[in-house]
Each structure stands twice: as C-alpha cells, then as structure tokens.
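Shown here is one chain on its own, the form predicted on its own, set out as structure tokens.
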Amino acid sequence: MGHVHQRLASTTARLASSLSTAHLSKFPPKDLLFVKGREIPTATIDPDTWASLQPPPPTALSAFAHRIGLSSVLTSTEVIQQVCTHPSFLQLFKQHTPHERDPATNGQLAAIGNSLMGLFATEYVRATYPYLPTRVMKAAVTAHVGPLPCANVAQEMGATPLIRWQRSRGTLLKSGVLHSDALASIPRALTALVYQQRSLPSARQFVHSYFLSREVDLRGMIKFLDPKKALLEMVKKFQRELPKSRLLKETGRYSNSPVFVVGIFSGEDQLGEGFGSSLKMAEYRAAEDALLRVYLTRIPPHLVQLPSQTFPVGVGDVYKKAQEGDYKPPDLVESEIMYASSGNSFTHST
C-alpha cells in the first residue's frame, strides 16, 4: 500500500467511526488519473483535503435532526447541511472546485441566532437575578450562550463529524477560525432556523432547553476589591443603618490555629457571616457574604416574568394579529452599586 493510500485509509478510519462512507466518491478523482492518449495530470490533491471536501451522508444529517428534536423544522437535508457548513469552508471549496456552485453556509443564520440567543439570555438573567451588577450579568450571559457553551452543546448534539470548515490564521483586521468557532455556529444557526420556520417563542423554548436550563455558578464571577467599603455603599443606597461587625464565636484564640466567626449586622438584621483565622479575615468574608446574598437574590422559576412572553404563541412572525401572552412587569429594584468599576478610581456610587 502506497503512502497516499495509507493516509487516505487513516483519514477514512477516523470518519468511519461516526459516519458512513458509502456515499463518498472513489479516490483519487477521475480528473487526476492518467488516461492513455491524454496529457499527464499535473494537479495534486491531499487525501485529508479531499475527505474534508466530501459532504456528510444524508442519513447522518437526517439522524442529527431527529436526535436534537427538530425533525419537523429541518425537513430537508440541504438545510441541515447548510447549518453544518461554516463560511470558512468556502475558501477551501473554491480553491479545489472552482467550477462548481458554492455551497450555502450558516453565516447569516449564525448572526441572527447569536442576536436571538443574547436577547433570550439577557432577559432571563436580568429577570432571575434583579440585583446582579451589570458586568456580572454580561459575564453570566456569556457563560450561558457564549462561544464555549455553544461549542460544547454542538458536541453534545453530535455535530462534530458533520461540520465543514477550514482553519485560518487571524490578522490585524480579522480573527482566525478555530474548530470551536465553527462548532459554535451550529446552535446559533439552529436557533435562527427555528425562529424563521416557527416563531419567536419556539426559538426561545429551544434556547431555554439547551442553554438556559443549565446551572451556572455566579459566585465566582463576583469579586470585590474591598467588601467592607462596597457593603457600606450598598447599605447607604438602601437607606439602612450602617453595618457593624460582631464576634459571634471563637475558639483557640491563643493557639496556633484560632477560628473566629464574625457577623455583620444592620440594626437587628444580620446581613452576612464569615469565618477566618483572624478577625480581619472573618470580617472580610462576612462582608463578602452579605454582598453575595443581595447580588445573588434569585426569583423563583415559577415567578420569573420575561418580556418576550408577550409575543403570540404559534407559527408566524411577531407582527401577526393574535392574542398576546400574559406578562406582569416586576417591581423596579434599587440601582446597582458600582464600586471601583471605573479604571483607577477608588469608589464610584450611583
């Protein structure tokens, strides 16, 4: 077996683990074979490149649509193949098959889907955590529907062997394309297709099912330069009594491993509690705990009201005449405390 055939066999083996190769054309292509009476072909093609140019089998595309529960929306294998074709694939396709028609890509669909996913995630995070700071809210939206979650969801959907893309290096004006970037475009394109073929509530349900139903740890996203100063600003904002620290428990004060438990109170109400090997550390953690209790106040799921619930349910665009959904706007809360949020400034309250 020659070197070229060995490379082809290795490439085919990687694809055969998840895809059928019965639909693929024979390698090498006929135009690269020598035929008596014709000139010797000078063009060459790499087996890996040839394998990446081949479309996925229709059976795999159909199985993908049924696996993610969108068989009624993705009724054509051409549409599914468009969803799984990244715009970076066009350069590779034009380079080796310049005379064939360019395949449809998911570029525009991914852009629309990205906007829709950002809309759904923003309203969900804001309605669920009304006291969350703006910067943390943006980080939470990224953690729900950002590039990395989209790529992970695409892998869980089984879209990895179906994606057609080409790696490219970044420039000063354009960022490069990685495998995770190509994978992330698939859920975004699916969201746009659900919106296009069904309705906005259907697209929102799709995003909630695959993305917003996942738990995201927000505590690690909230950091404080000085929790005691930030807590003081917050208490003033809510017009409450100034916070005071009280020693609740202690043990081993004169030993090598003392433990102090400090609580922070506003009047008779305990705002937070923390422990540490020193009073300063325990007070620091107590102030941090008090801030987190406020910022991470969560509305129960059955009480969450989303503005997009007003759009009519059913197939059609958002401008159709139909009965609107029920929506009760939540009560406005106090604006956030922006502490040490503007560059070199020490404090800044609004």
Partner chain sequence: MRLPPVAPIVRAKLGSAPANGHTTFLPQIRKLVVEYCDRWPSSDNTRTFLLNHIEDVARQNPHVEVVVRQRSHKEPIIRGFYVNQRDKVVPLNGLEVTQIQKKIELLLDSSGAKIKPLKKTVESTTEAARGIWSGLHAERPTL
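Numbering follows the first chain given and starts at 1. No experiment lies behind these values; they were computed from the predicted model shown.
What comes next is about the form predicted in complex with the partner chain, which does not appear here.
Screening Lys236, Lys244, Lys280, Lys94 for any heavy atom within 4.5 Å of the partner chain in the predicted bound form leaves a single hit, Lys280.
The single contact residue among Gln197, Thr122, Thr128, Thr142, judged by any heavy atom lying within 4.5 Å of the partner chain in the predicted bound form, is Thr142. Using a 4.5 angstroms heavy atom cutoff to the partner chain in the predicted bound form, all of Thr59, Glu215 and Phe224 count as contacting.
Comment: 145-153 is the region of 165-173, 83-91, 145-153, 104-112 lying near the partner chain in the predicted bound form, near meaning a non-hydrogen atom within 4.5 Å.
Within this chain, Val73 is remote from the site of the partner chain in the predicted bound form, having no heavy atom within 4.5 Å.
Taking the partner from the other structure, the partner chain in the predicted bound form has no heavy atom within 4.5 Å of any heavy atom of Leu291. Using a 4.5 angstroms threshold between heavy atoms, Arg67 counts as touching the partner chain in the predicted bound form.
By the criterion of a heavy atom within 4.5 Å, Arg253 is excluded from the residues contacting the partner chain in the predicted bound form. Contacts of stretch 248-286 with the partner chain in the predicted bound form, defined by any heavy atom lying within 4.5 Å, are made by Lys249, Glu250, Thr251, Val259, Val261, Glu273, Lys280, Tyr284, listed in sequence order.
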